[in-house]
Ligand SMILES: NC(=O)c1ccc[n+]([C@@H]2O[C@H](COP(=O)([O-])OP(=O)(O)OC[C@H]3O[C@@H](n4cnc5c(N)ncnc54)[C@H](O)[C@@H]3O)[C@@H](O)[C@H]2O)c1
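Read the single chain below, which is given as structure tokens and is the form predicted alone.
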């Protein structure tokens, strides 16, 4: 038995299509994009798939079990909800939605329809992340007290229309890149709840660069935040599209405990990752041999397996909503220029 899947949005969705094609338990049967030229290019690669410029027609034609939703952020909720109401399981690109209200509606529809809703926070699935998750869960760090997580770019603003317009994207690098770094750090620690947030956001550099290009820009280009978590844990976040580093691309997530640390970082300014485990040995902080892992993409395999085995996928819709609420709190703190307290309801 295989899961019949379609991909909606073939920008980021091209990676979904490639992964479905490689998944032995999936059958890529439909592709959808408003850009007919891009649609035809993808169809040439996957000629077995039906092609559409309207996702509603895709749903009406049937023959699908699930879809990937990889459209611009402002369409995530609309398309995901329509898919679930059409009886389809959904893998939605990050961020889950423009805001927590939309995310709450997506979660509610998932629960009402019984359709699975997974958020594509794929950095959990690289083998380096999986290695460090096991390392932390085995207790090698002892009591965790601090985490730092960042994704910085020297000059990496995505000049593709909707990214730099808040009404379409929901924000800048925080909602685009920071959502990955927040999820990874929280996931490694077991998702402790944030209690307070103090943040600053800056956008003048991005605005200047946008003015030079003659394109609209009303989002931030850099965010820094200090987050207090339950259990006496503190976490710092740094994320930028521009001006945050001398490197083209810098990704780093470190989890620190009384007995050691777990660090995930990219190598050579690219997307291959190094997992570093540090442990206290006879009073000395000793680095175990660094382990380098090649890039991997198993989020698709996980999504397909969860459908076939009827189990809940992760990252779940509940965790996607959790992240949306935290991101909103960071933006709110930056706007108000003060620390704010968070309240949580299950």
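All values reported here derive from a predicted model rather than from experimental measurement. Positions refer to the first chain, counted from 1.
Beyond the structure shown, there is the form predicted together with the ligand, which is absent from this document and is the topic of what follows.
A heavy atom within 4.5 Å of the ligand in the predicted complex is found for one listed residue only; from 260, 178, 95, 194, this is 95.
Only one of the listed residues (217, 162, 256, 202) places a non-hydrogen atom within 4.5 angstroms of the ligand in the predicted complex, and that residue is 162. The stretch from 31-39, 60-68, 306-314, 279-287 that comes within 4.5 Å of the ligand in the predicted complex, counting heavy atoms only, is 31-39. Within 4.5 Å of some heavy atom of the ligand in the predicted complex lies at least one heavy atom of residue 8. Contact check for residue 122: a heavy atom falls within 4.5 Å of the ligand in the predicted complex.
A residue is said to contact a partner when one of its heavy atoms sits within 4.5 Å of a partner heavy atom; residue 73 meets this definition for the ligand in the predicted complex. For residue 12, a non-hydrogen atom is located within 4.5 Å of the ligand in the predicted complex, even though that partner is not displayed.
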